[in-house]
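Taking the form predicted on its own, here's one chain by itself in structure tokens.
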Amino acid sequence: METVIDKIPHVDVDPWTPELIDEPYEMHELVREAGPVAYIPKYDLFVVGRHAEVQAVLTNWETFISSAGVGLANFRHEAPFRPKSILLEADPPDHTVVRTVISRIMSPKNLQQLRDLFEAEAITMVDRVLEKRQVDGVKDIAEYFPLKVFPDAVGLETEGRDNLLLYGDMVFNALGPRNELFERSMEKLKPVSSWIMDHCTREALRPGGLGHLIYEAADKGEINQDQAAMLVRSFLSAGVDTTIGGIANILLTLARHPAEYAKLHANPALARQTFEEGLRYESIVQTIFRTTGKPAEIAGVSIDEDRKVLTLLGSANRDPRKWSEPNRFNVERNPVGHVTFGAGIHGCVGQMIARMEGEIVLRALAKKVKRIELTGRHKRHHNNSLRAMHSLPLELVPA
């Protein structure tokens, strides 16, 4: 099959510049309106920004494979910065084996057992930040809560959890080009990676936690011991940063949309829906790649084997072909179908627990906080794939 690069729109964009990381939405519109598939000459890659095509690529795992890496790097030709993830960077049948174990451990029944603990922690946290009133929404809420409850659930010791932030920054920066962001995050690669792997061992984890459940699957012969350690690593790299970013982004969005927050405050039952709408409106994961494992076709465009395809998740989540008034934040919208956590067999392994955390935090805030007000300008944390935040000055007005 012959690729027709010259016959499809070329878009002269670099999604990984600081300016476009800060404000990607005009670039998203440019890509979407160029066509269902476009070509970025600077990186010699194909890009899709419309919801239908993003969904089609992510769900067709037979053609658009993950084992060659889900970032710009093609693992068929270059080595990853760390051993490949056996979940994120694998295809069936290998992927199926480990995904089955993780799906059972992250079952609704197991998550429900964590809910009471998470809710109690959220109430304590909200009481504490209300005493301060003036808070940093990132440090005091968005980072505090996931760094407390999720590693607790996995069975991780308390000391040194900041390493999870550094490691997550590396993992998601590695999905983009080898630019300054990537190089800067790699400066602490050796000590941070050592800390992570040391804490993925059975001996380092608290009995009864999610981490030990993974090792119990190894004891039953469902996976081997090395795979168990790698799955714990996947937990620790995927279960924190996306949740932190999701909570930070929704806090900023609610502060900018006081009428929408008032609806949530009046009806805290909207917490889950509000978090989902926040994930759609400000997609925490902006970009993810697939590689053509064989000659492929997207919307009638032929693509050769072994080509990188960039999916713009944040763009798909604001595609007017999918959503009415896509640039409007509306807590009463039912945003089923957003692709913030991906789609298909490689959908984010931690999405259910992330959703539970987000819902619990918003409900706790809605019950006790009348208004969330900005007291200064937020500062983005630049990352090649995440729409992350460094600081968010807020005032929480008690109910």
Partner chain sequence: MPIVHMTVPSGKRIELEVKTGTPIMRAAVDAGTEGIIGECGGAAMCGTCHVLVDEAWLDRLPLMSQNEDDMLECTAVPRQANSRLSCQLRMTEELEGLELTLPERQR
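Residue numbers count along the first chain shown, from 1. Model, not experiment: these values are computed from the prediction.
Although not depicted, the form predicted in complex with the partner chain is the subject of the following passage.
Contact annotation for residue 37: none of its heavy atoms lies within 4.5 Å of the partner chain in the predicted complex. The partner chain is not drawn, but in the predicted complex it has a heavy atom within 4.5 Å of residue 109. Among residues of the shown chain, residue 344 is one whose heavy atoms approach the partner chain to within 4.5 Å in the predicted complex. Residue 82 falls outside the set of residues with a heavy atom inside 4.5 Å of the partner chain in the predicted complex. Only one segment in the set 38-46, 66-74, 365-373, 344-352 has any non-hydrogen atom within 4.5 angstroms of the partner chain in the predicted complex, and it is 344-352. A heavy atom within 4.5 Å of the partner chain in the predicted complex is found for one listed residue only; from 265, 148, 212, 322, this is 322.
Of the listed positions (327, 100, 134, 224), a single one reaches within 4.5 angstroms of the partner chain by any non-hydrogen atom in the predicted complex, namely 100. Site residues 128, 163 and 378 are none of them in contact with the partner chain in the predicted complex, judged by any heavy atom within 4.5 Å. Although the partner chain is not shown here, in the predicted complex the stretch 264-294 places heavy atoms of 272, 276 within 4.5 Å of it, in sequence order.
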